[in-house]
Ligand SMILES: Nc1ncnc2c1ncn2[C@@H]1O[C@H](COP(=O)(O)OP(=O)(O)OP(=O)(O)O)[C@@H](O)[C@H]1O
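Only one chain is included here, represented as structure tokens and corresponding to the form predicted on its own.
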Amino acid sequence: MRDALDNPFSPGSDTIPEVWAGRTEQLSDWRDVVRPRRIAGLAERGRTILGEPGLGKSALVRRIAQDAARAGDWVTPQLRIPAGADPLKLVASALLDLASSAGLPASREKRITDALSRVGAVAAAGISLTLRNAPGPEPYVALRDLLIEVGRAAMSRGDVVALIHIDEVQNVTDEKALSQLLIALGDALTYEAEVHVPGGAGVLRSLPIAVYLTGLPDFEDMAGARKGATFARRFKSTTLSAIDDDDLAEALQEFVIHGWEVASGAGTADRIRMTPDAADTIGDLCRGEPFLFQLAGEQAWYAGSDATITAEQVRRGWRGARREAAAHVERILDRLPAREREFVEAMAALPASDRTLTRIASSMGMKKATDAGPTAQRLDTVRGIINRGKPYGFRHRAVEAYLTSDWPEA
């Protein structure tokens, strides 16, 4: 009854998982804040979703984009920035597609024709020296102008938002390219167009444009520290952390209560159920990590072929995934600078009740607690790995489990 074709779990593929867990705050932010305000012509910042690998950043915004497309909005695909690539070329191509959705290529207005022509040049040449030395505006101006025209078209349609999703933004290492990209997007977000209301009066309103940037925590340093307050004014940053156990349990409730519907060979529908202790075991093993949640579910599905997933099947499937789970956490630790890695390892070596900044700094060989303060702050506010409470705790529960127990052993 269970096979690869009907497995609803999908770890690490950047697809939108069928078994969705958590992130209600970010989904509600789109439905209840960003989209309504943008459609109403009210100013609203772009969103930057950051976090360590495996926390579901891309899948979250793909889910938001899916909801937007279903509502009739104009949505770019997930614009993944490869390392060393020219981001302006990629965004320019996507904007041309959005302009096509808006019907702009059919327009006879000169400013629209000029904007399409200039962005076509950016899509062909990017931020190359040839384009910079050519007559006309900088590439970012061309992108901004076309995005504004797309926003005007969306405004004229009513109840339509143009949503741009740029992924892996930490790969934009060229400082000029990053600056041009952020300014083009930010200028379009803050642009106000004059519209006429009954009575003939003109009022200014923001365009229905929404921008989502996703990437690793390093991006906040690249954009915030180097570009100063402009980025912070135009984009609201969120650092994702582990999903609550209650949200994980809710995601598996369909299995436990009703069963997950799959097609049977006879053309009818069967249901795959999960025992309550099997659901609890998946929640315990994944430690709030969306990637590990999908991995544990996927392997439990393959660990049997009958209509009920048991806790023993979850453990059996997990035994085949232990190496991948350990490698996932090791990659996160390997990304940390030496001082930050030393901090989390010293913190993990202490009993939970003794995890104060003073004790951690002492374990690291520092004379003063304040010497470890900046490292602790980065691990909390930038990376989302620890929580500077009283005492300190781990927000990244898989890192904590890896450093303090025999996890990923089942």
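Just count from 1 along the sequence shown to find any residue number. Everything quoted here is computed from the prediction, not taken from an experiment.
The same protein also exists as the form predicted in complex with the ligand; that form is not shown, yet it is the one meant from here on.
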Candidate spot 29, 239 and 381, all three in 4.5 Å heavy atom range of the ligand in the predicted bound form? no
Looking at the partner-bound form in the predicted bound form, is residue 290 within 4.5 Å of the ligand by any heavy atom? yes
Answer for residue 299 alone: is it within 4.5 Å of the ligand in the predicted bound form, judged on heavy atom distances? no
Does residue 53 make contact with the ligand in the predicted bound form, using a 4.5 Å heavy atom cut-off? yes
Is residue 361 near the ligand? Define near as a heavy atom within 4.5 Å, in the predicted bound form. no
Only hit among 90, 311, 148, 216 for heavy atom within 4.5 Å of the ligand in the predicted bound form is 216
Which residue, 102, 75, 177, 243, has a heavy atom that falls within 4.5 Å of the ligand in the predicted bound form? 243
Thinking of the ligand in the predicted bound form, which stretch from 341-349, 31-39, 45-53, 363-371 has heavy atoms inside 4.5 Å of it? 45-53
Just give me the residues of 148-177, first to last, that have a heavy atom within 4.5 Å of the ligand in the predicted bound form. 168
